[in-house]
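First, one chain by itself: the form predicted on its own, in structure tokens.
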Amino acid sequence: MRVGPSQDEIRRQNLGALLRYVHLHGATTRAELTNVLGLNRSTIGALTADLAAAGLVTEGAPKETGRAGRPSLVVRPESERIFAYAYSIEVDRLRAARVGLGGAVLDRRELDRPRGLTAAEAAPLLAGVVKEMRQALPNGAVCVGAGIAVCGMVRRDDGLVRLGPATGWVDEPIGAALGAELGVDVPVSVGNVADVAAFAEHARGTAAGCDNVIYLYGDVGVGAGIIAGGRRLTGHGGYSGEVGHMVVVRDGARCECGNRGCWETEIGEHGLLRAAGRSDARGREALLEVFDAADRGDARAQTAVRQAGDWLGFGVANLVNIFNPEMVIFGGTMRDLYLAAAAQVRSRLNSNGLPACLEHVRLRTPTLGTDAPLIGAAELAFDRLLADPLDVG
């Protein structure tokens, strides 16, 4: 005989639902929470009192509404007090941030990352940045966890980076390495950068309200975060979204993964720089120089950008036909390429996309910009708190 949830379990579920709503939507009146969560006013009052007692939210009167009658109290997340550390490990840089409950980036730092830097070498650098940020913490601040966004295939069960062709990582335990360096008793979660950026844009960015989204992220390589039916699509082991390794040219250029003709050999850093006659250059600044040269009339740069834009549209058309998204978002260097070659992207998409799949799809750039991976990594850390708010340290 199946036993229903206990009163304590129901209460904890309701606490999590209320805190998650305030976390995602910001200051919210009790009246709105009553309507959205389907609970009565007295229950909402009791739940907010519990969360306030735990130091997770505050309650106060709203600003002047101009309406007669007693105004509904406003519930706000304790952004300054409750926070998570977020990290983004990219090919050429390391970024760290302190992100408050509610998604506000309270502090951020950035370091250069020499190519070839291992997890064991990166962890002390990131820990050092965190030690600097700790000096500015307000009294009573509580860290609920840490999240890491990394370019590579991340094993869901333990956060091991199985393969990062662009970073040169193979079976790198970055979560364990950073946790050991931090020396604090907080969980460290690891996710693929495109996946967590998609999570962030879906939760509080340009894709809010869309249940089917593809977020294309470019650094040196290309990956995708996929939201299907309102949920992250991560695959059996957590390795989905490696769209940059779709083979699009048989016996094409050699990819860093070892195959030939991968999509990212045509639209990624190496492919675009090679086509522009700048094979010796590297990094985002080198790509921006190609786009600038194309704008100024450099014929070879223009040809390279148009060609890469056509290949970008080619791959996007395949993804649109497969996943039928409402929105495709271009982040990282894919944003720069899309803005430079939007005409070619749209032309190829319209040529290759199935009409039914193209009816409602929108092409967008990220609202959260370069903060999307950091905010998404923080969401990984906040997830445990939102599942059981009374378990905060």
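From 1 onward, residues are counted along the sequence shown. Computed from a predicted structure; not experimentally measured.
One more form of this protein, predicted in complex with a further copy of the same chain, exists but is not displayed; see below.
Checked against a further copy of the same chain in the predicted complex, the residues 367, 352, 28, 58 give one hit for a heavy atom within 4.5 Å, which is 352. Just one of 125, 293, 73, 233 comes within 4.5 Å of a further copy of the same chain in the predicted complex, counting any heavy atom, and that one is 233. Contact with a further copy of the same chain in the predicted complex, judged as any non-hydrogen atom within 4.5 angstroms, is confined among 255 to 263, 280 to 288, 200 to 208, 78 to 86 to 255 to 263.
At least one heavy atom of residue 240 is located within 4.5 Å of a further copy of the same chain in the predicted complex. Taking the partner from elsewhere, residue 311 is found to have a heavy atom lying within 4.5 Å of a further copy of the same chain in the predicted complex. Within 4.5 Å of some heavy atom of a further copy of the same chain in the predicted complex lies at least one heavy atom of residue 20.
Though the partner is left out of this view, residue 111 does not reach within 4.5 Å of a further copy of the same chain in the predicted complex, counting heavy atoms only. Against a further copy of the same chain in the predicted complex, the set 121, 182 and 382 makes no contact: no member has a heavy atom within 4.5 Å.
Applying a 4.5 Å heavy atom cutoff to a further copy of the same chain in the predicted complex picks out 310, 311, 314, 318, 319, 321, 322, 323, 324, 325, 326 from 302 to 340, in order along the sequence.
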